[in-house]
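Single chain ahead, written as structure tokens, the form predicted on its own.
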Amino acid sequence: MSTSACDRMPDQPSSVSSAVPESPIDADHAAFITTAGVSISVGSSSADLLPSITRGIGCRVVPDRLRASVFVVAEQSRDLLDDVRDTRRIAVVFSEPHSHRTLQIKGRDAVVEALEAGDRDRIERYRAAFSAELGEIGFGPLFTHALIDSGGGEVVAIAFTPCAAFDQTPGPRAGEPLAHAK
């Protein structure tokens, strides 16, 4: 028996269910969000459902795809980080500018963490890939640098269990769950 990662409540110990959780993202989706140089928008909301948003500057996905982390500049993301700490809700949109291929992944157990070993290298690879992606559609490296510059400030990770994922590419499949959107 398998179950979605969303079937388990955020504070429920994994030992409560004997079912093996499944990730809503497959290996192709994981590669797309971690290596394709996609634009990353990170959203949350307050307890009163007021939205907050910030730009992500990279992403990490564990090999079984049951946990993802997005990196954000703390100073530029205060409202969002407060909302994540209060509600643990997160929605992340990954969009490839030249093709408009877009995925949205949601979680409801998000936590703010320090970067892990290797994350700074992931962020630098993301910057290079995103700069190359924007270069393909005519934006120079100065524009990209200004768009995703951390200004030397603190960068944190927001880790979460992907519990729902959707194809958000404009077109007839927009809004379909990823399991049915291939």
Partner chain sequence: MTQRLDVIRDCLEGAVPGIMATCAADGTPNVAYLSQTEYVDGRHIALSYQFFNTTRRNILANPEARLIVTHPHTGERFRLRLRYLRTETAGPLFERMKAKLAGIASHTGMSGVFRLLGSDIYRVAEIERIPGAALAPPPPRASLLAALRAVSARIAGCRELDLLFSDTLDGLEAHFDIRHAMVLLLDGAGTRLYTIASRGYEASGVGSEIPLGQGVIGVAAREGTPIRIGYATLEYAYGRAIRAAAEANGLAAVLETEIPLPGLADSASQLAVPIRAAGRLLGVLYVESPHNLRFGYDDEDALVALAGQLGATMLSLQQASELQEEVLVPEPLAQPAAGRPVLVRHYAGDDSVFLDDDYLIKGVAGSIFWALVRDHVESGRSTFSNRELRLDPRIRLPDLSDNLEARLILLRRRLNERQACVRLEKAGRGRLLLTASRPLTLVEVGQGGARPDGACC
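Residue numbers count along the first chain shown, from 1. Everything numeric here is computed off the predicted structure, so don't read it as measured data.
Missing here is the form predicted in complex with the partner chain; even so, the following discussion is about that form.
The candidate spot formed by A31, T34 and S69 lies out of contact with the partner chain in the predicted bound form, as no residue has a heavy atom within 4.5 Å of it. When you look in the predicted bound form, the only residue of V156, L147, A129, I123 with a non-hydrogen atom within 4.5 Å of the partner chain is L147. Not displayed here, the partner chain is approached by L142 to within 4.5 Å at the level of heavy atoms in the predicted bound form. At the 4.5 Å threshold, heavy atoms of C59 stay clear of the partner chain in the predicted bound form, well away from it. Taking the partner from the other structure, the partner chain in the predicted bound form has a heavy atom within 4.5 Å of a heavy atom of Q168. Contact check for H100: a non-hydrogen atom falls within 4.5 Å of the partner chain in the predicted bound form. With the partner left out here, the partner chain still marks one of 61-69, 22-30, 114-122, 147-155 in the predicted bound form; by a 4.5 Å heavy atom cut-off that stretch is 147-155. For the stretch 23-45, the set of residues having any non-hydrogen atom within 4.5 angstroms of the partner chain in the predicted bound form comprises S39, I40, S41, V42, G43, S44, S45, in sequence order.
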